Each structure stands twice: as structure tokens, then as C-alpha cells.
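Given next, in C-alpha cells, is a single chain: the form predicted on its own.
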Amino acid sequence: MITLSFFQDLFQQDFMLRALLTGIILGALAPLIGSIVVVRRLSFIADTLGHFSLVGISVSLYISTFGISFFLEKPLYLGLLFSVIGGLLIELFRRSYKNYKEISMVIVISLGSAMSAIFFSLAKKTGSLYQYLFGSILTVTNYYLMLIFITAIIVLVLFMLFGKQILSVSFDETTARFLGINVNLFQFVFMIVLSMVVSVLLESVGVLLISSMMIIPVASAMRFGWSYRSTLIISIVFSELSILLGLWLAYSFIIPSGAAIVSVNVLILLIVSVIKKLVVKRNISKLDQLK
């Protein structure tokens, strides 16, 4: 049985166990940050930071051509640095174009795409571009798993200490300022945290699928959630379910794991939307009968 062998290998094969642990952490981390992104109406920002993080990866590969192996083995360090730079550039352009803030993300993603193409070409390692575009959770290393774990701890500590302030700034900046919250500080903190999460998602999910991992579970949960907390909890459940089913699909049919996980996410969204529509129709029908 395919399913039986999958669950056997899940706990017997080291690479499968690493993929499972990575998925569990990212399954909670991505919707946690994604929920704030949705509230702030910045759903496109994850893609933007992902493309700019890819600049750091391509620069690392280019530097490694000069014999510096450190950047070849650990390209995520420069990926994180450039992701933060991309976030700061977005904030800079958002303040310059106050009435057209979405322009900032188009500018940054265009710059990131161009610079990535240039440095990948100079490094003559365009073959590795596929890995970072689509990712692979099945090939994560112990080092990468530890990096994700540390990132998750940092994010959780920040949300435990400043969660209320971050939410206040995200929902209503004017009210947050009235309450004495340093809006600029918490926008900066959130941008740093978002940049960190995007960077660690890069290798396992890939640039083209980062936004999907963060946003789609939240979009599905919004169909049933009655508050921010309930929506967040439901989105994490959907995210973890999509990772488990995605891993099974990737294992069983030998397809890219990131694409499989996102496909399951979209499928969950479609099912949830249909169920929600049926429930609404049923309730309307009951009301009509009562009249």
C-alpha cells in the first residue's frame, strides 16, 4: 500500500522525518505571519520579498565562484539580508507614494527579478535557479531545520511580547497612534520578522510559492472564522493538513513538494468556499420557510 509505505518512511527515513518536522513548524509559522499580511492588505508583499531574497541567493552563488565556499554552502544568510533590504525599500517607497502604496512592491519585485537574473548569469549556475523558484521540503538539511526552529522561536517570542501592538498597528494605525504606540517602530519590527520568515520559506517552498503558503490557508479560514483568533487557528489547521497531504502526494507521485502543498491548499480553499456557499443557501432557505 502506498499510504502504508508513506507513513513507514515518514518516521523511518531521516529525510522524510526532517521534511515532516519542517512542515509542522512552517505550517504554523506561515499562517501566523500571513494573517497579519492579510489584515494589512499586503498579500503581494511575500512574493516581493521572496524575489528580493533571491538576489541574496544569486549573489552568494556569484561570490562562491571566487573560491569562497561559505556562501555556496549557506546562501540563506545573504538571502535574509537582501530580504530585509527589500522590506526597508518597500517601506521607503510606500511613504513616498502615500496614495499609491502598491507601486512600492512593483518597483522592488522588478528590481529583485532583474538583479537575480544578472547574478545567476554571472555565476553560471542558472541550473540551481529551479530549486529556489519551486523549493523542496524533502531535501532540507538538519542545519536548515535548526534555522527554521530558531526563526519560529524568535517570531513566537516577539508575538508574545508585542502581539497586541502589532495587531493594533495592523488594524488601525490612527487608533494605534492615539493609544501611544510607536507605529513606525512596530512596522519596522514586523517587516524584519516577515523578511526572516520569507527567507526560511525560500528553500522549502520556493520564491513562486511563498505567498501561496502564507495567504491561501488564511483565505480559507476567513470563510468560517468569526474572529481574528479563530481565523488564525483554523488557518493553521488547514496549513498543517495541506503539508501532510502535500508530502504524501510528492512522495507517491514524485512531484515537487512545494507545488503539491500549494495545490492542496488551493483545493481546500475551493472545498471550503463550496461548503460555505451551500450553508448560506441552506440558511436562507430556512429563513424563507419561517416567513
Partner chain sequence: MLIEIKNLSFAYGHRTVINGLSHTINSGDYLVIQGKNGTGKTTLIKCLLGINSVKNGMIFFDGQDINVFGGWTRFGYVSQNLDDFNYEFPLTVEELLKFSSITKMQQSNYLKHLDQMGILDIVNQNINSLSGGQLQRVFIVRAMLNNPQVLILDEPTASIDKQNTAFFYKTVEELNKLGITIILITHTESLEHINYSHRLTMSLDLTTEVERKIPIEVVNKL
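Positions refer to the first chain, counted from 1. Note that the structure is predicted; figures quoted are calculated from it, not measured.
As for the form predicted in complex with its partner chain, it is not shown, yet the points below apply to it.
K.L.:
Taking its partner chain as it sits in the model of the complex, is F171 in contact with it (heavy atom to heavy atom, 4.5 Å or less)?
P.N.:
Yes - in the model of the complex, heavy atoms of F171 and its partner chain come within 4.5 Å of each other.
K.L.:
Would you please decide whether S227 lies within 4.5 angstroms of its partner chain in the model of the complex, comparing each non-hydrogen atom pair?
P.N.:
Yes.
K.L.:
Whether I181 contacts its partner chain in the model of the complex should be assessed with a 4.5 Å heavy atom distance threshold; does it?
P.N.:
It does: once its partner chain is placed as it appears in the model of the complex, I181 has a heavy atom within 4.5 Å of it.
K.L.:
Whether K164 contacts its partner chain in the model of the complex should be assessed with a 4.5 Å heavy atom distance threshold; does it?
P.N.:
Result yes; K164 sits at the interface with its partner chain in the model of the complex.
K.L.:
For the chain seen here without its partner, which of 238 to 246, 50 to 58, 251 to 259, 33 to 41 has a heavy atom within 4.5 Å of its partner chain in the model of the complex?
P.N.:
Stretch with heavy atoms near the partner: 33 to 41.
K.L.:
Just one of I63, M222, V266, A28 has a heavy atom within 4.5 Å of its partner chain in the model of the complex. Which one?
P.N.:
After the contact test, the surviving option is M222.
K.L.:
Quick one: from S96, T175, N142, S110, grab the residue that has a heavy atom within 4.5 Å of its partner chain in the model of the complex.
P.N.:
Checking each option against its partner chain in the model of the complex, the one that comes within 4.5 Å is T175.
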